[in-house]
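Okay, so here's just one chain, in structure tokens, the form predicted on its own.
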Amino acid sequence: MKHSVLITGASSGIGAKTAEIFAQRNYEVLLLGRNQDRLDQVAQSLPGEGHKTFSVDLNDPKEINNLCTQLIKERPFTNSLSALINNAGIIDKSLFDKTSLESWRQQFQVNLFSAIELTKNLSPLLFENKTSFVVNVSSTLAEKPIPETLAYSSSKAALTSWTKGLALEWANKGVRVNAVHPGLIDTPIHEFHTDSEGSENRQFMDSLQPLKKVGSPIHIAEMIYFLTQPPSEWTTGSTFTVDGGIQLL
């Protein structure tokens, strides 16, 4: 039986690599993101068949609700939804006294509330399975914030806390809920992403890591996949830090 997975923020970075990992392992992938062209490019690059894309602005609760209604009504997948990966996130760096309340609201909406809304609205699909999975992509900043990231860090800390509470509530429904805490990963969300390998700035970013290398999306994607597989069957409500050791500093 072919399983289906829904991944938010799937047009680039961790989301795109996660889609690739699941597709390589015979999953049918539903890709969510804002940019339809980029979503289509990722979907077309995936092995296998049945992958579908959905353009949605996670900053708009109405769009989220409409999408969930569509997914439940049309069921655009071969079998029931077995995994939901809440990966989408935004960051607006600025000092606390310079950060607008609107920026706080947007970061909480995309980083936290969109995951809550999707998970709640799609729960009937997840409950159809004997076992299903929710994996939330949080951040090491949820535990160790740094200046200019207070709104982002706070939203991710709330995401991690919600992960633990939901895992407790849904354990008897056969839904395992876990979180991954990435460290510094080479994705478009970071300015150094456009730097060439070996550049001075890239060498500096690498040097900040105890393992002397910035992380790759595949490091997070593989952990996400692991949390949906039998070897993690006794794991729920946990957070998994994948950060090259930087949180030890």
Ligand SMILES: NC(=O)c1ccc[n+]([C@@H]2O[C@H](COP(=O)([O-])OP(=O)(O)OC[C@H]3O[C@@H](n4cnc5c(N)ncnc54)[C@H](OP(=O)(O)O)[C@@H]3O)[C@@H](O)[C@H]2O)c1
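Numbers follow the displayed sequence, beginning with 1. Keep in mind the model is a prediction, meaning the values are calculated, not measured.
Not on display, but discussed next: the form predicted together with this ligand.
From the candidate stretches 167-175, 130-138, 143-151, 67-75, select the single one in contact with this ligand in the model of the complex, where contact means a heavy atom within 4.5 Å.
Of the stretches listed, the one contacting the partner is 130-138.
Partner proximity in the model of the complex: residue 88 to this ligand, non-hydrogen atom cutoff 4.5 Å
Yes, contact at 4.5 Å.
Residue 219: touches this ligand in the model of the complex, heavy atom cutoff 4.5 angstroms
Residue 219 lies outside the contact set for this ligand.
Residue 50 near this ligand in the model of the complex, any heavy atom under 4.5 Å?
Heavy-atom contact with this ligand at 4.5 Å: absent for residue 50.
Hey, in the model of the complex, is residue 227 touching this ligand, heavy atoms inside 4.5 Å?
Residue 227: no, not in contact with this ligand in the model of the complex.
Select from the listed residues 110, 158, 116, 125 the one whose heavy atoms reach within 4.5 Å of this ligand in the model of the complex.
Selected option: 110.
Just give me the single entry in 26, 203, 41, 35 that has a non-hydrogen atom within 4.5 angstroms of this ligand in the model of the complex.
Looking at 26, 203, 41, 35 one by one, just 35 meets the 4.5 Å heavy-atom criterion.
Go through 222-249 residue by residue and record those having a heavy atom within 4.5 Å of this ligand in the model of the complex; state none if no residue qualifies.
Residues within 4.5 Å: none.
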